[in-house]
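First comes one chain, alone, set out as structure tokens in the form predicted alone.
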Amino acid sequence: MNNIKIVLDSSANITQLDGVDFAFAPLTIETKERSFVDDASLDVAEMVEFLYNYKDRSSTSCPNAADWLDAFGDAQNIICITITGSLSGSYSTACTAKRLYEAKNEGSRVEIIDSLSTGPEIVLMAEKVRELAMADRSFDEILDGLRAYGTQLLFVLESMKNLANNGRVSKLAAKAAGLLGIRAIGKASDRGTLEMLSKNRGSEKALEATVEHIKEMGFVGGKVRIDHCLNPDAAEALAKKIKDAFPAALVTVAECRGLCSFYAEMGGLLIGFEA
């Protein structure tokens, strides 16, 4: 089924996906002073620097139904994958857009999938959809293949300021981590929430622990995507450690866009992998 369209929100950290009809709907990072739309024109480094120095509360807002309808365009068959519903209303508004779109476009089919994750894990899911579509699988076969596809997400954070400001972690824990040089490692749980796994002092120990967590979570080789927030050195160092442990692993490194940079913050890593 080569006529399928893949639609994501901007939490996936990509603005294009070669070989398939593709679009994305941007989220927005909000403060009392400025708003940052997570589209292809966003200066991520400038946003991260602003938020680093910003002392008041910040938040995110999801695409509305009109944003999703714009992304759907006039496609007949659409698979849309969103950031976890536990962090954003993106899934909910996409479902609203689906109902409006199918009512207006007779015979169209739109499937909305809550990834229960974000960033590089969503990209792996989208690439699986593309692979199945290019193999001329039917719409239902693509969905079955995606459901059977095992992926996981780990995150390594140097700062938790924005998570604390949003009530995701305690401000005391975030402050302590910053003062002590702690790197927090966690994962996207089966419910799509943030689940902390370990705390490590220093980058080297954190990267070594990350490889161990990947093994514990079922990685035995295959695709790994590492997205970083202004931290290419750590991302490349982690890629090397993974390749040393799993020589056949297919590891790619990319940059976080706005939404994931907001949550991962400066220095943060997001690791999506097959498991």
Ligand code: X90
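Since the structure is predicted, the reported quantities are computational estimates derived from the model, not experimental observations. The first residue of the sequence shown is number 1, and the count goes up from there.
Although it is not shown, the form predicted in complex with heptadecanoic acid is what the next lines describe.
- Though heptadecanoic acid is absent from this view, in the predicted complex it lies within 4.5 Å of a heavy atom of just one residue from 71, 123, 188, 78, which is 188.
- The candidate spot formed by 83, 87 and 118 is fully in contact with heptadecanoic acid in the predicted complex: every one of the three has a heavy atom within 4.5 Å.
- At least one heavy atom of residue 60 is located within 4.5 Å of heptadecanoic acid in the predicted complex.
- In the predicted complex, at least one heavy atom of residue 263 sits within 4.5 Å of heptadecanoic acid.
- By the criterion of a heavy atom within 4.5 Å, residue 193 is counted among the residues contacting heptadecanoic acid in the predicted complex.
- Of the heavy atoms in residue 94, none are within 4.5 Å of heptadecanoic acid in the predicted complex.
- Of the candidate stretches 95 to 103, 110 to 118, 198 to 206, 133 to 141, only 110 to 118 has residues with heavy atoms within 4.5 Å of heptadecanoic acid in the predicted complex.
- Residue 27 is the only one in 22 to 40 with at least one heavy atom within 4.5 Å of heptadecanoic acid in the predicted complex.
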